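Next up, structure tokens for two forms of one chain, structure 1 and then structure 2.
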Structure 1
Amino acid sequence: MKKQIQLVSIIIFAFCMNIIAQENAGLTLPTGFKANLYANNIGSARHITITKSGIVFAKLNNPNKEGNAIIRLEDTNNDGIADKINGFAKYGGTGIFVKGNSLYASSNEAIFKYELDSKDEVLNPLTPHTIVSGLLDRRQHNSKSITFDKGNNIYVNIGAYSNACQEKDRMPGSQGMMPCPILDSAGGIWKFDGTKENQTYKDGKRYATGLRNVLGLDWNTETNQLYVAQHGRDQLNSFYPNLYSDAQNAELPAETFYEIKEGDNAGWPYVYYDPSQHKKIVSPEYGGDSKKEGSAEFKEPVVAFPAHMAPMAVLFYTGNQFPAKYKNGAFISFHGSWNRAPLPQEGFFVAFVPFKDGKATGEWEIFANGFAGMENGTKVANPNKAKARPCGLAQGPDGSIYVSDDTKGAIFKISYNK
């Protein structure tokens, strides 16, 4: 009889947990938070942005089945679910940002500007203004993420078309090029004037360098500084098995979060950040031995995350809906790893970095988890089987945050129950 009661209790508990998971769109959140599926199956949704009236725009990595790569989503009855969805633009890409009455979006080579009317409808969907063109696209790390400062300046990531700037890319034993010629036109953040049309490289400024690839970047309005999250390099062990074990390769290098000022150099490809030694280490392609410390001229990260988890977006929270601890802190989405073997693959969550007096405390935590789903009672670890992979982040006018997924094309809305 006791066993039957225990079995019934287990079934009831599992049923209740399943209901809770469904209510939260399958996500695990801190106490007091709830999530719902704002939209689904819209296409490969990369970054997202939201107008003051609550209209969501999503940039698709590739045009969807209707041939559109920018999706406009509106919740007309305020039930937390988009019920008016349409699209435009034929080019794929990642970056999208609302600034005033304008919508900016990027392909892998250019940045375009659209005008919005009083209802946040796009006035010129077929004839955008070209703000910048001719940005480098060598197919590797070619996403052009964008953000703005308090003025009208655009900051755009131009990723390095290389893993470690070797003479022969991703070839064991190939030496690093010194100086790295890629840094002239990639591997950093470029700054452009958002009000001027038809700009090219010569009209912009290399704002910061030594950044392998930055998908996530945001302007911290409290400190008036740019922050970026970098994708670290790969293949230390497969290139240098005499210096790195498989286990070390799974944990190196850290995914790094930087406060960036004009002229900063984060050190790629010459150094990487080792989270266990808490210091910058000279890359083996440039004479490193896994212990030799890198030059002080290179930027220190404000936070070091576990390796290979792929940070995709950064969002500084300025709303008032969430508890006070979240105010002016940074949310960072992690797409999930593919190369942490022999350790389990990790990521597939949204992290939170608390800030105090304008500085990161370093005590980061997982805020939203469960995007990847479950398989045989355990968290899905294969990115190809993940139910969802967090990508874009945006804050709604009510203080809720939205998270996009570029696998099935979902958008999650996360709110706090006061």
Structure 2
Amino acid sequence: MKKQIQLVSIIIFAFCMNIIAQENAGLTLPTGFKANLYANNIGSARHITITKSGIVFAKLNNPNKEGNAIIRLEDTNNDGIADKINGFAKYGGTGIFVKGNSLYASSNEAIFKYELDSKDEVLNPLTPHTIVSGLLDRRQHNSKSITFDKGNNIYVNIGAYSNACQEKDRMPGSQGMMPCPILDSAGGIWKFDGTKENQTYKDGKRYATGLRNVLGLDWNTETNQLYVAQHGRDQLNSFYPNLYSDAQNAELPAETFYEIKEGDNAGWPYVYYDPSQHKKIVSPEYGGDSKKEGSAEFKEPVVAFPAHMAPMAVLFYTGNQFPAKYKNGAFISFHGSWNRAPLPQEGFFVAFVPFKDGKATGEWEIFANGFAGMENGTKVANPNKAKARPCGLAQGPDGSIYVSDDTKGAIFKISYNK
């Protein structure tokens, strides 16, 4: 009997601890903010977008068990949890964006458009319009993340299918190609007309170049400019152990956030950004020695983040729910690193970049942390051990923000308690 009581109390204790641990869905947030699990286990949720009526659409990297790769989520009783969930589309991908009554979604080589009715139900789930096709997909960096300007122009990332544009990718001693031929069709942001069907490269325009891979991009509607967050190169220590130690590689190069004007060149593969020297440094594949400064023609970042954390989405906050300091600032989700090994990994959080008078201050802070689910703040040793990895970001009509996770497919809703 005693034993039974003991057992029951242990179970009750464990249950209570579980509830305490799951407060704010396990996330750590600034004072006054709360979080809850809006959805879970929907599949590898990459980017998300939200309609004016609050319907969430998530793009899955791969079709889920039901064979669907776009998921529509609705919270019909307004308790902060999606209770009506269904899906369509058979192609995996990353990009998704609601523009007016249209829903745009990308595979790894094309962009499709769906029509929404007055209830934000998809009218043509099986027969989308092909807006752009034939974009390069050579496996590496193939996510076609998308955003729109205030008009009808789509900006799409076409990532470089290479680490550093070597003659042989990720081969020790292989030189960088000069000029890098990849940049003709990838390694940049392309601009297309969102209203025209059946476009391909010749119909679009290379809007910015020298960007290795951009998952996070958003239009700053306050200043009317595109902002992108780049995934910096990998493996400086693996290929150049004489120039870079494991510890140096863990901090090099910075993950960079750029304010983009048409025609800008961010310098990949010729340079990378060193956050401790505050300089663009010539890549070792192009004759760099870890100190030689790169050409001034290449763009300076507005914020330099720690290396390898993998920025996945950018969201300019235009809502009124959060405190004033967040207005027109940028949230950036970080997937979490792998190339800091053998050192512990970093990232697995959502950062906030404050803006003042339309310019990034250069500062940044962690906004939401704890996605990886590590006990007592321990570092993630291997990214495959993280319970969730932040990916997509979107703002709801009430000013809450949503964060998706592409491991099991959680969606977190973060709100401010007025």
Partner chain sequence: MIQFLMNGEINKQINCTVKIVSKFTLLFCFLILALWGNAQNKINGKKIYETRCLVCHQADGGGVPNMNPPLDGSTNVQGKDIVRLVKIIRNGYDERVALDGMYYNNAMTANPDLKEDAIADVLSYIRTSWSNKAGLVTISQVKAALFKNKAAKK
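What you are looking at is a predicted structure, and each value in this text was computed from that prediction instead of being measured. One-based numbering along structure 1's sequence throughout. Rigid core (definition): largest C-alpha set, two forms, superposition within 1.5 Å.
- Looking at the condition given, the form predicted together with its partner chain, one finds it describes the source of structure 2 alone.
- After superposing the rigid core, the Cα of Ala341 is displaced by 2 Å or more between the two structures.
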